[in-house]
Each structure stands twice: as structure tokens, then as C-alpha cells.
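Have a look below at one chain only, the form predicted on its own, in C-alpha cells format.
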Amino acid sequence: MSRTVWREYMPAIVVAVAALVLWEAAVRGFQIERFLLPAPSAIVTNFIENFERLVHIGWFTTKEALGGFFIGCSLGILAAFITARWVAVNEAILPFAIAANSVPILAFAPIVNNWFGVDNPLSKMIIVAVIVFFPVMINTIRGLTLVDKNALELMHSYAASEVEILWKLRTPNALPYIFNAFKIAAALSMIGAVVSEYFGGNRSALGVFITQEAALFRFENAWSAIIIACIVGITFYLIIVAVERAVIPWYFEQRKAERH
């Protein structure tokens, strides 16, 4: 087990370490000014010195990302179950979902901030919810509709009702798709929360902090905040992977069998 995990993550670790070494060497070798691109060693030092402050700021934005994640995922799954059941509803809702997904966050954020208030965390949650809604909805619909025809015919042969087919066949089939959507939404939620804060927000927010520190050419602070955002996003992703393994262990066993 440990050897398999090591082989799986070793290439990514090697690439990350090589990139950091090249970054450090380039900054030192070409004598790049710190206000243009600080060295990784300077960023790590700053990160350690300001760790408590960065954690406080990161937690504020994390709450916005989590709130938007749960709102967007809940609405996305609800919309998917409704549209997968009735074709007419699917044809009516899907164009609006596509249109909402096509709206750039740069254009949408100022409008939502005006509706709910720049300092209101709900405005950031709504932006995150809009971002994660579409991938969750589409993936859930795929899982609910792309079922094995033989299994569906077997359920019909036993005179199973549509509700029984939904909960005993379609929903278990959709779970891997839903968790894949959750993993996508985990990354998008943190990105959406931070970017939405670029247009204004509480001073304890990551996006506001990064904007202000970059404007003052304190890029070590800005990069330290970016590290916090990355740590939160990766942690969020790993939590979802752990929950996925606990909820649908049969899916991982099936994938392992297919590999061998």
C-alpha cells in the first residue's frame, strides 16, 4: 500500500521540488529584485513569521468557500435529480445553467457585491455557489442517466417503481460522478472565494490581503497568503477523497481490478 502510494505521488513531488530549486536558482543567479519575484526561501521565512495572522485570514476566506460549496453543491444535486426525472424540466433549466456558467466571475462579482454588500460574506458565498453549481449538476445528471441498460431492464422486469430504480440503481451509479464533481468544486470554491474578494471585502479576507500587499510591493506576504489558499484547497480536496473512499469503497475496488 505504501509503495503504491509512493509511486503514485513521487512524480508530482519530484516536479515540485525541481521547480522550487530552479525558481530559487533563477532569482539568485539573475539577481531578480524581491519586489518582482521573491525567492522561495524568502517566502517560506515570511510564511513562518506571519503564520498565525495568515491562518486567521485564511480561515475567514475558507468559511466563505465552504458556505458557497455547500449552497452550490446542494442546489446542483437538487436540480440534477429534478432534470434527470423530467425531460421537459431538463430542457428548460439546462440553458440557464449553461448561461450562468458562461458568465465570467470578473463581471459577476461586482454585481453580487452590490446586491448583498461588499463586506457581507454571503456575497462571496453566492459567487462560489454559482461557480460550483454547473459542474455538480452536469456530473450528477450524467451519473443518474448513464446507467447500465441490462440493470435497468432487470429492475423493470421485477416491476420496480421509478422511486425504487432511482434509489437502488441510479443514485448508487451517480455517486462516483457526484464525488468527482465535489473534487472539482473543492478547488473552484477556494479560487472563487479569493478572486471575488479582489473586488472588495473584509480586511481579514485572503483576496483583500493579497491585493493590498501586492499593491505595496510586499510580495513575500502576498505569496505567503497564496500558500495558505493552496493548503486549504488541497486539504479540502483530500477530505473529499477520504469521504469518497469511506462512502463508496466498492468503486475503488472496481477501479483497482480494472487496472490489474
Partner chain sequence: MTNTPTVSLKNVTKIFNPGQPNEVTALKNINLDIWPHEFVSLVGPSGCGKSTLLRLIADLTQPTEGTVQVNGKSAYRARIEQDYGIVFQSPTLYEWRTVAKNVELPLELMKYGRAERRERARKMLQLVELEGFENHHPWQLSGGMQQRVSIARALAFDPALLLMDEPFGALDEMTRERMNLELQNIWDRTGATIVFVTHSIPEAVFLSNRVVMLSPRPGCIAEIVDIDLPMPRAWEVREDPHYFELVNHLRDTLREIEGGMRE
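Residue numbers count along the first chain shown, from 1. Note that the coordinates shown come from a computational prediction; the quantities given were computed from them, not determined experimentally.
This next part talks about the form predicted together with the partner chain, which is not shown.
At the 4.5 Å threshold, heavy atoms of Asn150 reach the partner chain in the predicted complex. The partner chain is not drawn, but in the predicted complex it has a heavy atom within 4.5 Å of Ser157.
Put simply, Leu169 is close to the partner chain in the predicted complex: some heavy atom of it is within 4.5 Å. The partner chain is not shown here, but in the predicted complex it comes within 4.5 Å of a heavy atom of Glu164. Contacts between 34-48 and the partner chain, taken as any heavy atom within 4.5 Å in the predicted complex, involve no residue at all.
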